[in-house]
Structures are given as structure tokens and as C-alpha cells.
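Below, in C-alpha cells: the form predicted on its own, a single chain.
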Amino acid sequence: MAAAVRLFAAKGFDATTVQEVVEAAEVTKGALYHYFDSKDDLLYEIYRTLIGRQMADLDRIVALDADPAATVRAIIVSLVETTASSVDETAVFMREMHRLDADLMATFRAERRRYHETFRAVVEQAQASGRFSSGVPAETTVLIALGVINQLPTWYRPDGPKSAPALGGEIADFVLAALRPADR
């Protein structure tokens, strides 16, 4: 998968041949096809591995049942960290996901929807209890937060001046400022 990520990031999905992937990975075509039925399956597996880590982190954070602000902060920082540590994987998938067949696309959408709905539920519950302002709907809040994070591969550089945890903290500060009740 690492060889495919490097090649897809550098050349694009269509321009990369299976032969190039197996040569870069130093395996045979037979070995590749033992694990992946197609190049599309390889693309999906790149994403599935990333979203699997992100879903596990989200589930762990939500299960802690911490203060809503701490939960939102942890979700955002964790997502920024996993996205930043997988910039190439995220960039490849966001650029190439339209190439998935209908079944893989449906699976992809269901996984993203579960992440989105879980995050939104944290915000909605805090708004319903008065811990967060309801001035900005939970749906909009989550769309903005995820939109910013999903764009990281276009501008964030892990070797740049800001660490992923610092950037995640700043994004969390921004989102939490919008959710802060007027009386606080």
C-alpha cells in the first residue's frame, strides 16, 4: 500500500500501472492480486485503513464521556493528527475517490456518515443541555470543522512551522469559540 500511495500521489491513479506498483513494492502481480482484486480495491484499502484509525479514535474519545468541550477538542486534535500523519493517503483518496465503483463508494459514504453523525451528536447533546450555544447549528459546526480538516492535504506540510497538535488545538479553539454560550 505504501508503494501505491507514493505512486498515486506522484503520478495520479490513472497514470499509475499495476506493474509500477508491484515493481515499487518489490512483489509479484500474483502477490498483489492475492490481497487486492483490483487497483480500485487498493485505492479503497488506502482509505479504509485511514478511516479505521480515525473511527477507532473517535469511538475511544466519545466513550470517555468527558466534558463536551474537551470531547470536541479531542476529536478535532485527533483528526488533525491522523490526517496530518497521512497527508499523502488523504490527498490521494480525496483526489481519486470518484474512481470507486458503486459498492465501494456506498461503503465509503456510510463510514464517513457514521463519523459525521457521531461528531454531530456530541455537539447536539451539548447544545440541548445548554453547555454549547445553539446559535450555529450542530450540522453547520461539524461541516465547517470537517471541511477545514479535509483540506489539510492541500496546504499542510508536516515539516512546516506548525505541528499537527498545535494546529488541531487552534482549529478546536475556533470551533469552540463559535459554540461558547453568550453568558460565558
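Start at 1 and count along the sequence shown; that's the residue number. Everything numeric in this text was worked out from a predicted model, so none of it was measured.
What comes next is about the form predicted together with a further copy of the same chain, which does not appear here.
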| item | value |
| --- | --- |
| Contact check for 4, 6 and 115 against a further copy of the same chain in the model of the complex, heavy atom at 4.5 Å | no |
| The single option of 158, 130, 30, 137 touching a further copy of the same chain in the model of the complex, heavy atom within 4.5 Å | 137 |
| Stretch in contact in the model of the complex with a further copy of the same chain, which is absent here, among 137 to 145, 44 to 52, 31 to 39, 60 to 68 (heavy atoms within 4.5 Å) | 137 to 145 |
| 4.5 angstroms heavy atom contact with a further copy of the same chain in the model of the complex for residue 170 | yes |
| 4.5 Å heavy atom contact, residue 125 to a further copy of the same chain in the model of the complex | no |
| In the model of the complex, residue 96 touching a further copy of the same chain (heavy atom, 4.5 Å) | yes |
| Touches a further copy of the same chain in the model of the complex: residue 21 (any heavy atom, 4.5 Å) | no |
